[in-house]
Structure formats: structure tokens, C-alpha cells
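A lone chain, given as C-alpha cells: the form predicted alone.
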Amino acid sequence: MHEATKIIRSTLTRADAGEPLHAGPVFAAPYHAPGDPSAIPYTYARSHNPTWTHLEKSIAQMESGEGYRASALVFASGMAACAAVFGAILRPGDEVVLPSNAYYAARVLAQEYFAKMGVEVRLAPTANNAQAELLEGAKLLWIETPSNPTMDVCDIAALAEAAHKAGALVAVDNTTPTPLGQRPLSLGADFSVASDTKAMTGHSDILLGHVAMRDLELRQKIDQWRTLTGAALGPMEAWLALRSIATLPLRLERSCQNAQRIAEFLTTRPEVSQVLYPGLPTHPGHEIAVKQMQYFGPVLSFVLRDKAAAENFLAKSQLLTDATSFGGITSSAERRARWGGDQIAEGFIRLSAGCENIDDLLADIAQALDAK
């Protein structure tokens, strides 16, 4: 079956007569658990929940590839998933290699918390596979491609091979493309990590994340971390996520088409000094992106003259919701420099293409750029 069919069908229950097509959320803290706990599938909701199980099976199917079957664990947020990989793998004296332009909160977590506990943090840019130069002695390589918000691209397969030769595990933040757009485990990564708050669920109304892996021993470590830290997803959020994932093929295809058209349009505008999107042939990482991505993602960035120009553009737009986060069905944009933490221009805008009609979006962007 094609990926879209498999994803949609993965959200269904078993075809038992009289049963609903979709399982509802299970609200429980303790479960009936007489006798040996190891023989009981569910005992306490900090460790497991039937609604999680349905969601994790659906995500695992997306993360699986030729010759291997992935498993997935869901978390209360993308940062909880990130923290699980750091916490389960890194110990005082270990070294971790991160992109210097990775998602800001991931860098803060590594530098402000794990570094103070004795983990050495090494930073290098995403572009040009620069992290490969810092792998000697490392325990973990953390990759993010395309990077957020600068949309830099690196070669996952090449970096994974180099990292494994150096004795390091490899984790990929795959939030922007989702496993439908890019499958890190097939490219050699040990962990595929994502904030499913974004494009995976796409409705901007729930927080969650996941970690997927092939190795069962690594799964056990991540699972233990989740149980001991209580980074548990609520059953209602898990149910909403499962319902949303069924529309991912439709949403991602439309939003990526829109992102491509918007990026191409912005390259024609004199007000825009730079457009960053891996789907553009002029992007430095385009050839790598073509090789490893099925979709280029819904997110693009571009640069206007200065802070005032960027804020005027956002104020004049009628269809771009001024908000942080990305990947929703509603197109959104923000001036990223307002948060600090990234080495970007004051007029730098990150735009997330939604599922609106592309002609309406282009007309709105044009009038917002024209407005003085």
C-alpha cells in the first residue's frame, strides 16, 4: 500500500462486528491488576495507556522502513521527547554534538542543564555536515535537518555513518518534515524525535512529542525515562493526535505545495533579500534534500529589510496568523528575532504554509509586501 493509505488505515480498530471504527480515549490512572504485574498489559497510567498504544502503533508504522520495524513512544511535548533522549543516553563526562543552529530550546536544555551536570556540549553548524568534525569521543550526535528556523540541510546518512564509526548514537529532530516527509531511521539514525504539536497533528490545539527507534534496548531506556520522570501524555491528547494523524497525508501534501509556491513567489520580490527553503533549486542543501526527503516541509524563512519592515508585513497581512509554532492547517508567520537565541537578522520571518487556497495566500502576501 501507499503511505497515505497505510497512515489512514492505521488509525482504525480491528474489524470486529459491532465495534466502533475508532477507539475512544481511555481515562484511567490505576487499572485492575491482580497477581503478577508483568502478566498484565496495563497497570498504572504513568507507564502505559491503551490510547497511547493505538497512537504509538500508528507512529511506529510511519517510522518503519524496508527491512526493519520501528517502535515509538509518545510524550507530553516535543521537549519532553528531546529530554528523554538526552537523559537516557548522556552521563557526566559524555560528549554530545549539537547543531549550533538547532531549535533554541534544545540548545538551552543541553547547555544550561546537561552541561552543568558534566556533559560536554559541542556545537557546529548544520550546513556542510560540519558536525562531522566534532565526533571523536562523542556519545551522541543530535541532528536537525532542515534546521529551525534557518532551513539548513545536512546529509543524515553520511553523518550517521561517521557517527557510528566514532562510537556515537544518532538522534534526528524530524519535527519539520514529519516521518511522512523524511524517515531518519531509514537513513541510519538511532532515534527519530519530533514535536508532534506541529505538522504531525496539524491543528495547533495539543502538545505532544514522540521518540521512535529500531533497537529494543534503546527503547527500554527511553521507556524507563518516561515512566520515572512522568513525562506522560494525557489520553485525550493521544486520542486527538490519532484522529489528526489520519489527515496528515492530505495536510502535508497541500501545505508543502503551498510552501513551494510561496517560496518561489518571494524570490521575485525586491523587498525580500533572501528566501530559505530546501525545495528551491538555489538552496545550498537542495540536492541533499531531494535525496533524503519525500516532502520539503511546510516551513520557509525569508528576510526583509529590517525589524520595521517585517513587523509592517505581519501587521498588513490578513491571512498569516502572527503566532509562534508551525505546521498547522492555518498559515502563520512571525519575526523570529523577537525571541533572541538565534543568529538571524532583525527582518527574518519564519512562515508556515497552511492549507488555504494558494491564490489567496499569494495575493495576501503580495499586498502585505506592497503596503507601506
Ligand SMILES: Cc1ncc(COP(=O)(O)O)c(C=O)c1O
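Just count from 1 along the sequence shown to find any residue number. If you're wondering where the values come from, they're calculated on a predicted model, not measured in any experiment.
If you look for the form predicted in complex with this ligand, you will not find it shown, but the lines that follow are about it.
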Among the candidates Met293, Leu135, Leu207, Ala160, the residue which, in the model of the complex, approaches this ligand to within 4.5 Å (heavy atoms): Leu207
The unique member of Thr201, Ser192, Thr175, Ser255 whose heavy atoms fall within 4.5 Å of this ligand in the model of the complex: Thr175
Decide whether Trp239 counts as a contact residue for this ligand in the model of the complex under a heavy atom distance cut-off of 4.5 Å. no
Indicate whether Thr197 is a 4.5 Å heavy atom neighbour of this ligand in the model of the complex. yes
Wondering, does Asp155 line up within 4.5 Å of this ligand in the model of the complex on heavy atoms? no
Quick one: does Met79 come within 4.5 Å of this ligand in the model of the complex, counting heavy atoms only? yes
Based on heavy atom distances of at most 4.5 Å to this ligand in the model of the complex, which listed stretch, 220 to 228, 242 to 250, 71 to 79, 88 to 96, is the contact stretch? 71 to 79
